[in-house]
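One chain comes next, on its own, written out as C-alpha coordinates in the form predicted alone.
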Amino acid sequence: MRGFTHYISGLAAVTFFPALVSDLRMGILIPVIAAAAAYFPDFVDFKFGKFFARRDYEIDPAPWDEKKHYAPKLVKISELSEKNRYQFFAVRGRVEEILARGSGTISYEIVDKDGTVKTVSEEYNSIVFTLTDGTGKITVEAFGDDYRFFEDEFGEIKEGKEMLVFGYVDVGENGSLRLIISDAPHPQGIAETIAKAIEEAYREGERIVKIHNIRLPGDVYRRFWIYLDPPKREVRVEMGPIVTPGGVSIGGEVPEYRKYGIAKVDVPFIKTYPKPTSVDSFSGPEIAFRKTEFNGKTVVKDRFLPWHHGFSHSLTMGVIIGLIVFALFKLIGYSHATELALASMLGQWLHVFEDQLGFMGSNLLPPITKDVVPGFKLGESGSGLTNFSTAWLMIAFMIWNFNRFTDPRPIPISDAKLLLYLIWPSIIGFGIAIARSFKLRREIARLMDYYTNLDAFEELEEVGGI
(Lines give C-alpha, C1' and ligand atoms only; values in the text may rest on other atoms or scores of the structure.)
Protein backbone atom coordinates (compact mmCIF):
# COMPACT_ATOMS: atom_id res chain seq x y z
CA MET A 1 0.00 0.00 0.00
CA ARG A 2 1.00 3.64 -0.46
CA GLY A 3 2.26 5.70 2.46
CA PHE A 4 -0.80 7.93 2.65
CA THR A 5 -3.02 4.85 3.02
CA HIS A 6 -1.01 3.64 6.00
CA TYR A 7 -1.04 7.11 7.55
CA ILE A 8 -4.84 7.33 7.28
CA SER A 9 -5.07 3.86 8.83
CA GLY A 10 -3.10 5.07 11.84
CA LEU A 11 -5.49 7.98 12.27
CA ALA A 12 -8.42 5.57 12.04
CA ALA A 13 -6.85 3.44 14.79
CA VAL A 14 -6.86 6.47 17.10
CA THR A 15 -10.61 6.96 16.73
CA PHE A 16 -11.35 3.54 18.29
CA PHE A 17 -10.29 5.00 21.67
CA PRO A 18 -12.79 7.53 23.15
CA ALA A 19 -10.15 9.14 25.35
CA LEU A 20 -7.95 9.92 22.33
CA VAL A 21 -10.93 11.23 20.35
CA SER A 22 -11.72 13.52 23.28
CA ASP A 23 -8.13 14.83 23.22
CA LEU A 24 -8.35 15.56 19.50
CA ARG A 25 -11.57 17.51 20.05
CA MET A 26 -9.73 19.62 22.63
CA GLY A 27 -6.96 20.37 20.14
CA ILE A 28 -4.42 17.98 21.69
CA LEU A 29 -2.59 16.43 18.74
CA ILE A 30 -0.53 13.84 20.62
CA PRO A 31 -2.76 10.96 19.34
CA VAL A 32 -1.41 11.64 15.81
CA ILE A 33 1.65 9.71 17.01
CA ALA A 34 -0.34 6.58 16.14
CA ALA A 35 -0.45 7.66 12.47
CA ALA A 36 3.34 8.02 12.51
CA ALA A 37 3.58 4.53 13.99
CA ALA A 38 1.47 3.23 11.11
CA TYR A 39 3.89 4.76 8.61
CA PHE A 40 6.95 3.66 10.60
CA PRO A 41 7.66 0.33 8.79
CA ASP A 42 8.12 1.98 5.39
CA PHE A 43 10.05 4.88 6.92
CA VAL A 44 12.57 2.45 8.42
CA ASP A 45 12.92 0.36 5.27
CA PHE A 46 13.18 3.17 2.72
CA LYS A 47 15.13 5.71 4.80
CA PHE A 48 17.56 3.29 6.44
CA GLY A 49 17.14 -0.36 5.46
CA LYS A 50 17.81 0.10 1.75
CA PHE A 51 21.08 1.94 2.44
CA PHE A 52 22.46 -0.71 4.79
CA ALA A 53 21.36 -3.72 2.77
CA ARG A 54 24.05 -5.93 1.26
CA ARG A 55 24.41 -5.81 -2.50
CA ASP A 56 26.51 -8.33 -4.37
CA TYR A 57 26.03 -6.70 -7.77
CA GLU A 58 25.11 -3.15 -8.76
CA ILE A 59 24.01 -2.94 -12.37
CA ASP A 60 24.25 0.63 -13.57
CA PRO A 61 23.61 0.59 -17.35
CA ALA A 62 23.89 4.38 -17.65
CA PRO A 63 25.84 6.09 -14.83
CA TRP A 64 24.73 9.63 -14.01
CA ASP A 65 26.94 12.62 -14.70
CA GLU A 66 27.98 13.99 -11.28
CA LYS A 67 27.22 17.61 -12.24
CA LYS A 68 24.01 17.16 -14.20
CA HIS A 69 22.59 14.16 -12.34
CA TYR A 70 21.48 12.35 -15.46
CA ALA A 71 23.01 10.11 -18.12
CA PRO A 72 25.15 9.94 -20.14
CA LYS A 73 28.11 10.66 -17.91
CA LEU A 74 30.86 12.71 -19.57
CA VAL A 75 34.11 10.78 -19.18
CA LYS A 76 37.69 10.87 -20.40
CA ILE A 77 38.74 8.09 -22.71
CA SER A 78 41.39 6.97 -20.24
CA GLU A 79 38.62 6.31 -17.66
CA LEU A 80 36.99 3.64 -19.82
CA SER A 81 37.90 -0.02 -19.56
CA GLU A 82 36.55 -3.47 -20.38
CA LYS A 83 34.44 -3.48 -17.20
CA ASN A 84 32.33 -0.65 -18.75
CA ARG A 85 31.18 -2.87 -21.59
CA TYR A 86 27.56 -2.09 -22.64
CA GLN A 87 27.36 0.98 -20.36
CA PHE A 88 26.21 4.34 -21.75
CA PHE A 89 28.72 7.26 -21.70
CA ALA A 90 29.57 10.53 -23.46
CA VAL A 91 33.06 11.52 -24.67
CA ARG A 92 34.25 14.91 -25.92
CA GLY A 93 37.18 14.78 -28.31
CA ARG A 94 38.71 15.41 -31.72
CA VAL A 95 38.37 13.18 -34.79
CA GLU A 96 41.87 11.83 -35.42
CA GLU A 97 41.38 9.51 -38.37
CA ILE A 98 38.52 8.28 -40.54
CA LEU A 99 38.99 4.50 -40.69
CA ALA A 100 36.04 3.51 -42.88
CA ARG A 101 32.88 4.76 -44.55
CA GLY A 102 30.51 2.53 -46.39
CA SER A 103 27.59 0.17 -46.26
CA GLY A 104 26.94 -3.48 -45.70
CA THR A 105 24.57 -5.97 -44.14
CA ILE A 106 23.91 -6.27 -40.44
CA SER A 107 22.45 -9.40 -38.86
CA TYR A 108 20.93 -9.39 -35.40
CA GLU A 109 18.56 -11.38 -33.22
CA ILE A 110 15.13 -10.23 -32.12
CA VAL A 111 12.69 -11.83 -29.70
CA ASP A 112 8.94 -12.01 -30.26
CA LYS A 113 6.28 -11.90 -27.53
CA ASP A 114 6.61 -15.67 -26.97
CA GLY A 115 10.34 -15.41 -26.41
CA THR A 116 11.22 -16.97 -29.78
CA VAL A 117 14.51 -15.69 -31.14
CA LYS A 118 14.94 -15.09 -34.85
CA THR A 119 17.74 -13.59 -36.92
CA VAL A 120 17.11 -10.52 -39.08
CA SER A 121 19.43 -9.03 -41.71
CA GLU A 122 19.24 -5.57 -43.26
CA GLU A 123 21.34 -3.11 -45.25
CA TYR A 124 23.05 -0.28 -43.42
CA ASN A 125 25.46 2.65 -43.80
CA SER A 126 28.30 3.18 -41.40
CA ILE A 127 31.28 5.24 -40.38
CA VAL A 128 34.25 4.24 -38.24
CA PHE A 129 36.76 6.76 -36.92
CA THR A 130 39.13 7.29 -34.04
CA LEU A 131 38.52 9.96 -31.41
CA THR A 132 41.16 11.41 -29.10
CA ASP A 133 40.77 13.69 -26.09
CA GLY A 134 44.36 14.03 -24.90
CA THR A 135 44.02 11.15 -22.41
CA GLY A 136 43.65 8.37 -24.93
CA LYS A 137 42.17 7.22 -28.19
CA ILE A 138 39.03 5.19 -28.87
CA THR A 139 37.37 3.81 -31.98
CA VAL A 140 33.88 5.21 -32.62
CA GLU A 141 31.35 3.41 -34.79
CA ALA A 142 27.95 4.48 -36.09
CA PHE A 143 25.77 2.26 -38.26
CA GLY A 144 22.16 1.48 -39.10
CA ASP A 145 19.52 3.78 -37.64
CA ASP A 146 22.17 5.27 -35.38
CA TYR A 147 24.25 6.29 -38.39
CA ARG A 148 21.29 8.24 -39.79
CA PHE A 149 20.88 10.03 -36.45
CA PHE A 150 24.62 10.64 -36.26
CA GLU A 151 24.73 12.12 -39.77
CA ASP A 152 21.79 14.44 -39.05
CA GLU A 153 23.40 15.60 -35.79
CA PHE A 154 27.01 16.12 -36.90
CA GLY A 155 26.90 16.38 -40.69
CA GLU A 156 30.05 15.40 -42.56
CA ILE A 157 32.79 14.03 -40.33
CA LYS A 158 36.29 15.28 -41.08
CA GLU A 159 39.62 14.71 -39.41
CA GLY A 160 40.33 17.38 -36.79
CA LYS A 161 36.64 18.03 -36.01
CA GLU A 162 35.81 18.62 -32.33
CA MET A 163 32.64 16.85 -31.18
CA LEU A 164 30.73 15.33 -28.26
CA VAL A 165 29.61 11.77 -28.95
CA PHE A 166 27.62 9.38 -26.80
CA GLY A 167 26.92 5.68 -26.95
CA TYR A 168 27.67 2.36 -25.29
CA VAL A 169 31.09 0.84 -24.76
CA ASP A 170 31.91 -2.40 -26.53
CA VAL A 171 34.99 -4.59 -26.73
CA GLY A 172 36.42 -5.81 -30.02
CA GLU A 173 37.70 -9.32 -30.72
CA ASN A 174 41.24 -8.13 -30.06
CA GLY A 175 40.22 -6.63 -26.71
CA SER A 176 40.22 -3.02 -27.92
CA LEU A 177 37.52 -0.61 -26.70
CA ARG A 178 34.91 0.87 -29.03
CA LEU A 179 32.20 3.45 -28.50
CA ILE A 180 29.05 2.48 -30.41
CA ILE A 181 26.92 5.54 -31.18
CA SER A 182 23.52 5.10 -29.54
CA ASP A 183 20.96 6.83 -27.33
CA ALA A 184 20.79 4.01 -24.76
CA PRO A 185 23.00 1.37 -23.18
CA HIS A 186 23.03 -2.12 -24.63
CA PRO A 187 20.80 -4.50 -22.59
CA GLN A 188 23.23 -7.42 -22.91
CA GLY A 189 25.27 -6.25 -19.91
CA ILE A 190 22.19 -6.30 -17.66
CA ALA A 191 21.18 -9.77 -18.82
CA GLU A 192 24.67 -11.24 -18.36
CA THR A 193 25.10 -9.89 -14.82
CA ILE A 194 21.70 -11.20 -13.67
CA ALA A 195 22.43 -14.61 -15.18
CA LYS A 196 25.80 -14.67 -13.39
CA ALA A 197 24.12 -13.78 -10.07
CA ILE A 198 21.60 -16.64 -10.46
CA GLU A 199 24.35 -19.16 -11.15
CA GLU A 200 26.39 -17.95 -8.15
CA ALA A 201 23.29 -18.10 -5.91
CA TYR A 202 22.87 -21.76 -6.88
CA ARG A 203 26.42 -22.46 -5.68
CA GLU A 204 26.75 -20.03 -2.77
CA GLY A 205 23.16 -19.69 -1.44
CA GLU A 206 22.24 -16.08 -2.22
CA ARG A 207 23.11 -13.13 -4.41
CA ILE A 208 21.46 -9.71 -4.21
CA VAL A 209 21.35 -7.54 -7.32
CA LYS A 210 20.64 -3.81 -7.41
CA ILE A 211 19.51 -2.55 -10.81
CA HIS A 212 19.76 1.19 -11.38
CA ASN A 213 17.42 3.04 -13.67
CA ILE A 214 18.35 5.19 -16.69
CA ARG A 215 17.67 8.89 -16.20
CA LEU A 216 18.04 11.14 -19.26
CA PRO A 217 18.10 14.94 -19.79
CA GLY A 218 14.70 16.56 -19.33
CA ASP A 219 13.73 14.47 -16.28
CA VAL A 220 12.69 11.51 -18.40
CA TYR A 221 13.72 7.87 -18.16
CA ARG A 222 14.60 5.04 -20.54
CA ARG A 223 12.33 2.15 -19.59
CA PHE A 224 13.55 -1.42 -19.78
CA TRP A 225 12.10 -4.81 -18.86
CA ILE A 226 13.74 -7.84 -17.28
CA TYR A 227 12.31 -11.24 -18.20
CA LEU A 228 13.31 -14.32 -16.24
CA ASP A 229 12.46 -17.33 -18.39
CA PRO A 230 12.97 -20.51 -16.30
CA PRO A 231 11.82 -23.01 -18.98
CA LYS A 232 14.39 -21.69 -21.44
CA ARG A 233 16.86 -20.98 -18.65
CA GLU A 234 17.61 -17.53 -19.90
CA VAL A 235 17.45 -13.91 -18.82
CA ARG A 236 16.12 -11.49 -21.42
CA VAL A 237 16.30 -7.72 -21.13
CA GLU A 238 14.36 -5.49 -23.49
CA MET A 239 15.27 -1.82 -23.88
CA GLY A 240 12.07 0.22 -24.19
CA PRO A 241 10.94 3.78 -24.94
CA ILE A 242 11.59 7.03 -23.10
CA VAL A 243 8.93 7.70 -20.47
CA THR A 244 7.97 10.54 -18.15
CA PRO A 245 8.30 10.15 -14.34
CA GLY A 246 4.61 9.18 -14.41
CA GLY A 247 5.33 6.30 -16.81
CA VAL A 248 3.84 7.86 -19.97
CA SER A 249 5.73 6.86 -23.11
CA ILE A 250 6.95 9.77 -25.25
CA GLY A 251 8.69 7.72 -27.92
CA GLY A 252 12.39 7.23 -28.47
CA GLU A 253 12.26 3.52 -29.27
CA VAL A 254 15.67 1.93 -29.82
CA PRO A 255 16.55 0.03 -33.03
CA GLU A 256 15.80 -3.70 -33.04
CA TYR A 257 19.48 -4.66 -33.29
CA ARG A 258 20.23 -3.25 -29.82
CA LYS A 259 16.83 -3.71 -28.24
CA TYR A 260 17.36 -7.13 -26.66
CA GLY A 261 19.98 -8.75 -24.47
CA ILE A 262 19.85 -12.50 -23.83
CA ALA A 263 21.99 -14.49 -21.42
CA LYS A 264 21.76 -18.23 -20.79
CA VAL A 265 21.69 -19.64 -17.24
CA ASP A 266 23.27 -23.01 -16.50
CA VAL A 267 21.26 -23.77 -13.33
CA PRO A 268 17.49 -24.26 -12.69
CA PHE A 269 15.59 -21.28 -11.35
CA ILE A 270 11.95 -20.26 -10.89
CA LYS A 271 10.15 -16.95 -11.02
CA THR A 272 7.49 -16.37 -8.38
CA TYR A 273 5.71 -13.46 -10.11
CA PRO A 274 4.38 -13.99 -13.65
CA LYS A 275 5.08 -10.47 -14.94
CA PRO A 276 8.43 -9.03 -16.08
CA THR A 277 10.20 -6.47 -13.92
CA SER A 278 9.79 -3.00 -15.41
CA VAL A 279 12.41 -0.35 -14.59
CA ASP A 280 11.92 3.33 -15.38
CA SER A 281 11.56 6.13 -12.81
CA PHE A 282 12.33 5.97 -9.07
CA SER A 283 15.58 4.31 -8.05
CA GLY A 284 15.39 0.89 -9.66
CA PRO A 285 14.66 -2.46 -7.98
CA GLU A 286 16.70 -4.90 -5.94
CA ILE A 287 16.23 -8.63 -6.42
CA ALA A 288 17.55 -11.40 -4.20
CA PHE A 289 18.23 -14.77 -5.80
CA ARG A 290 18.17 -17.51 -3.18
CA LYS A 291 18.90 -21.21 -3.34
CA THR A 292 15.84 -23.19 -2.22
CA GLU A 293 13.97 -26.47 -2.66
CA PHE A 294 11.07 -26.68 -5.11
CA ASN A 295 9.22 -29.98 -5.58
CA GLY A 296 12.27 -31.91 -4.42
CA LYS A 297 14.62 -30.03 -6.72
CA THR A 298 17.27 -27.50 -5.80
CA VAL A 299 16.54 -24.27 -7.63
CA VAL A 300 17.10 -20.52 -7.35
CA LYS A 301 14.09 -18.41 -6.43
CA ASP A 302 13.71 -14.65 -6.84
CA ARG A 303 12.60 -12.24 -4.11
CA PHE A 304 11.83 -8.59 -4.87
CA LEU A 305 13.29 -5.93 -2.50
CA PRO A 306 14.85 -8.36 0.02
CA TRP A 307 15.40 -5.59 2.62
CA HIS A 308 11.69 -4.72 2.58
CA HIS A 309 8.89 -6.34 4.65
CA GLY A 310 11.24 -7.87 7.19
CA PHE A 311 11.26 -7.22 10.95
CA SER A 312 9.90 -3.69 10.51
CA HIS A 313 6.75 -5.18 8.95
CA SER A 314 6.08 -7.71 11.70
CA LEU A 315 3.50 -7.93 14.46
CA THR A 316 6.45 -8.23 16.83
CA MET A 317 7.58 -4.74 15.87
CA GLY A 318 4.06 -3.48 16.60
CA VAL A 319 4.34 -4.75 20.18
CA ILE A 320 7.73 -3.08 20.57
CA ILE A 321 6.37 0.21 19.24
CA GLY A 322 3.47 0.01 21.69
CA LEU A 323 5.81 -0.56 24.63
CA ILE A 324 8.11 2.30 23.62
CA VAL A 325 5.22 4.73 23.10
CA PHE A 326 3.75 3.76 26.48
CA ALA A 327 7.07 4.24 28.27
CA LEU A 328 7.80 7.62 26.67
CA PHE A 329 4.39 9.18 27.16
CA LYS A 330 3.96 7.74 30.65
CA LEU A 331 7.28 9.35 31.47
CA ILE A 332 6.13 12.80 30.31
CA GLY A 333 2.85 12.38 32.16
CA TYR A 334 0.40 12.01 29.29
CA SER A 335 -2.80 10.77 30.95
CA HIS A 336 -3.83 8.53 28.04
CA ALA A 337 -0.49 6.81 27.46
CA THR A 338 -2.06 3.34 27.57
CA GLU A 339 -4.66 4.16 24.89
CA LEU A 340 -2.02 5.87 22.75
CA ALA A 341 0.28 2.84 23.01
CA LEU A 342 -2.55 0.51 21.97
CA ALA A 343 -3.55 2.79 19.07
CA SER A 344 0.09 2.95 17.91
CA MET A 345 0.41 -0.83 18.02
CA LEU A 346 -2.90 -1.20 16.17
CA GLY A 347 -1.80 1.33 13.54
CA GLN A 348 1.44 -0.59 12.89
CA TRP A 349 -0.48 -3.85 12.71
CA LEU A 350 -2.88 -2.31 10.18
CA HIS A 351 0.14 -1.46 8.04
CA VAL A 352 1.31 -5.08 8.19
CA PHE A 353 -2.15 -6.41 7.36
CA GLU A 354 -2.64 -3.98 4.47
CA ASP A 355 0.70 -4.96 2.93
CA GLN A 356 -0.26 -8.59 3.38
CA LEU A 357 -3.05 -7.97 0.87
CA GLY A 358 -0.39 -7.59 -1.86
CA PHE A 359 2.22 -9.97 -3.25
CA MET A 360 5.35 -9.64 -1.14
CA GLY A 361 3.98 -10.70 2.23
CA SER A 362 5.81 -10.09 5.50
CA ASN A 363 7.75 -11.91 8.20
CA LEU A 364 4.88 -11.74 10.69
CA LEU A 365 6.26 -13.03 14.01
CA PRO A 366 10.03 -12.96 14.20
CA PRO A 367 11.99 -14.52 15.81
CA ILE A 368 9.38 -17.34 15.79
CA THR A 369 9.01 -17.05 12.00
CA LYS A 370 12.13 -16.80 9.83
CA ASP A 371 10.78 -15.88 6.39
CA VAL A 372 7.93 -13.92 4.83
CA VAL A 373 4.39 -15.30 4.63
CA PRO A 374 3.19 -14.88 1.00
CA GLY A 375 0.65 -12.09 0.44
CA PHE A 376 -2.99 -12.51 -0.55
CA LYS A 377 -2.30 -11.12 -4.06
CA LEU A 378 -5.25 -8.70 -4.17
CA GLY A 379 -3.19 -6.06 -5.96
CA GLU A 380 0.22 -4.47 -6.29
CA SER A 381 1.35 -1.86 -3.77
CA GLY A 382 0.49 0.97 -6.15
CA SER A 383 -2.92 -0.42 -7.09
CA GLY A 384 -5.42 2.43 -7.17
CA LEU A 385 -8.29 0.06 -6.44
CA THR A 386 -6.92 -1.48 -3.24
CA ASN A 387 -5.45 1.81 -1.98
CA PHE A 388 -8.75 3.61 -2.58
CA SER A 389 -10.78 0.80 -0.98
CA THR A 390 -8.54 0.74 2.09
CA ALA A 391 -8.36 4.51 2.52
CA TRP A 392 -12.14 4.81 2.11
CA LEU A 393 -12.68 2.09 4.72
CA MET A 394 -10.42 3.87 7.20
CA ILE A 395 -12.13 7.22 6.66
CA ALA A 396 -15.47 5.45 7.16
CA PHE A 397 -14.20 4.07 10.49
CA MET A 398 -13.19 7.58 11.56
CA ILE A 399 -16.63 9.03 10.77
CA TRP A 400 -18.31 6.06 12.41
CA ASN A 401 -16.25 6.35 15.62
CA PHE A 402 -16.63 10.13 15.91
CA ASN A 403 -20.38 9.65 15.58
CA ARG A 404 -20.43 6.86 18.22
CA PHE A 405 -18.42 8.88 20.73
CA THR A 406 -20.44 12.11 20.35
CA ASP A 407 -23.48 12.90 22.44
CA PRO A 408 -25.91 13.67 20.95
CA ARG A 409 -24.93 11.83 17.77
CA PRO A 410 -24.65 14.01 14.65
CA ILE A 411 -26.00 11.13 12.53
CA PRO A 412 -28.91 9.66 14.52
CA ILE A 413 -29.03 6.10 13.17
CA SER A 414 -27.86 2.77 14.54
CA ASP A 415 -24.14 1.95 14.52
CA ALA A 416 -24.57 -1.09 12.28
CA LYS A 417 -26.66 0.77 9.70
CA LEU A 418 -24.30 3.77 9.61
CA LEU A 419 -21.26 1.53 9.18
CA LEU A 420 -22.92 -0.31 6.31
CA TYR A 421 -23.83 2.98 4.60
CA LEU A 422 -20.24 4.18 4.95
CA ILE A 423 -18.26 1.17 3.83
CA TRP A 424 -20.17 -0.09 0.78
CA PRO A 425 -17.71 1.49 -1.72
CA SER A 426 -14.88 -0.39 0.00
CA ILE A 427 -16.85 -3.64 -0.10
CA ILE A 428 -17.30 -3.26 -3.87
CA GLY A 429 -13.64 -2.31 -4.35
CA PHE A 430 -12.31 -5.27 -2.40
CA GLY A 431 -14.82 -7.55 -4.16
CA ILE A 432 -13.40 -6.54 -7.54
CA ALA A 433 -9.83 -6.97 -6.25
CA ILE A 434 -10.62 -10.47 -4.93
CA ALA A 435 -12.23 -11.47 -8.24
CA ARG A 436 -9.14 -10.24 -10.12
CA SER A 437 -6.83 -12.06 -7.74
CA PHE A 438 -8.39 -15.43 -8.63
CA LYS A 439 -7.30 -14.95 -12.23
CA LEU A 440 -3.75 -14.10 -11.19
CA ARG A 441 -3.63 -17.00 -8.73
CA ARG A 442 -4.64 -19.39 -11.53
CA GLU A 443 -1.89 -17.90 -13.71
CA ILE A 444 0.70 -18.41 -10.97
CA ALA A 445 -0.56 -21.95 -10.32
CA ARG A 446 -0.24 -22.79 -14.04
CA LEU A 447 3.27 -21.38 -13.99
CA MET A 448 4.27 -23.51 -11.00
CA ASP A 449 2.70 -26.61 -12.57
CA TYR A 450 4.69 -25.92 -15.69
CA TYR A 451 7.89 -25.70 -13.67
CA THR A 452 7.01 -28.99 -11.98
CA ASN A 453 6.42 -30.75 -15.27
CA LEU A 454 9.58 -29.26 -16.68
CA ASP A 455 11.57 -30.69 -13.79
CA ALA A 456 9.97 -34.11 -14.32
CA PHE A 457 10.98 -34.00 -17.99
CA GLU A 458 14.54 -33.21 -17.05
CA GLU A 459 14.63 -36.16 -14.65
CA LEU A 460 13.51 -38.51 -17.42
CA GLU A 461 16.03 -37.01 -19.76
CA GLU A 462 18.84 -37.52 -17.25
CA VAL A 463 18.12 -41.28 -16.92
CA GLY A 464 17.57 -41.78 -20.64
CA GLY A 465 13.78 -42.12 -20.42
CA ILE A 466 13.19 -39.98 -23.50
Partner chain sequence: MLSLSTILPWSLAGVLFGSLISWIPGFHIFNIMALLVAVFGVGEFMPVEAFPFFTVGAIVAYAYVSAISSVYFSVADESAVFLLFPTQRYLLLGRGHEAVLLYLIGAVAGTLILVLSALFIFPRVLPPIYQATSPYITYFLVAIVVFMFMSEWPKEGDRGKTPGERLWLAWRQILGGIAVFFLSGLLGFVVMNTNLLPVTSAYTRLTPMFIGFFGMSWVLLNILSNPPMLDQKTEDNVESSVYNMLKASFGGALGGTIAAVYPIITGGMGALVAGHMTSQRGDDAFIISQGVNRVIYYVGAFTLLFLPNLRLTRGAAAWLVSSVYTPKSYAEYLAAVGVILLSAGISFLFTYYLSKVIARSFKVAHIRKLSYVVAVTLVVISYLLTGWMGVVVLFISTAIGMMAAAFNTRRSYCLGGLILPVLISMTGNTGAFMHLLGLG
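Please read all numbers here as calculations on a predicted model, not as lab measurements. Positions refer to the first chain, counted from 1.
Below: the form predicted in complex with its partner chain, not depicted.
Considering its partner chain in the model of the complex, the lone stretch of 81-89, 379-387, 142-150, 287-295 in range is 379-387 [heavy atom distance within 4.5 Å]. The listed set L420, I434, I411, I428 contains one residue whose heavy atoms approach its partner chain in the model of the complex to within 4.5 Å, identified as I411. The partner is absent here; in the model of the complex, the one residue of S176, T369, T272, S283 having a heavy atom within 4.5 Å of its partner chain is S283.
Not one of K76, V95 and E109 places a heavy atom within 4.5 Å of its partner chain in the model of the complex. Its partner chain is not drawn, but in the model of the complex it has a heavy atom within 4.5 Å of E58. Although the partner is absent here, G172 lies well away from its partner chain in the model of the complex, with no heavy atom inside 4.5 Å.
At the 4.5 Å threshold, heavy atoms of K439 stay clear of its partner chain in the model of the complex, well away from it. In the model of the complex, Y260 stays away from its partner chain, with no heavy atom inside 4.5 Å. Contacts to its partner chain in the model of the complex (heavy atom within 4.5 Å) from stretch 389-404: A391, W392, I395, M398, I399, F402.
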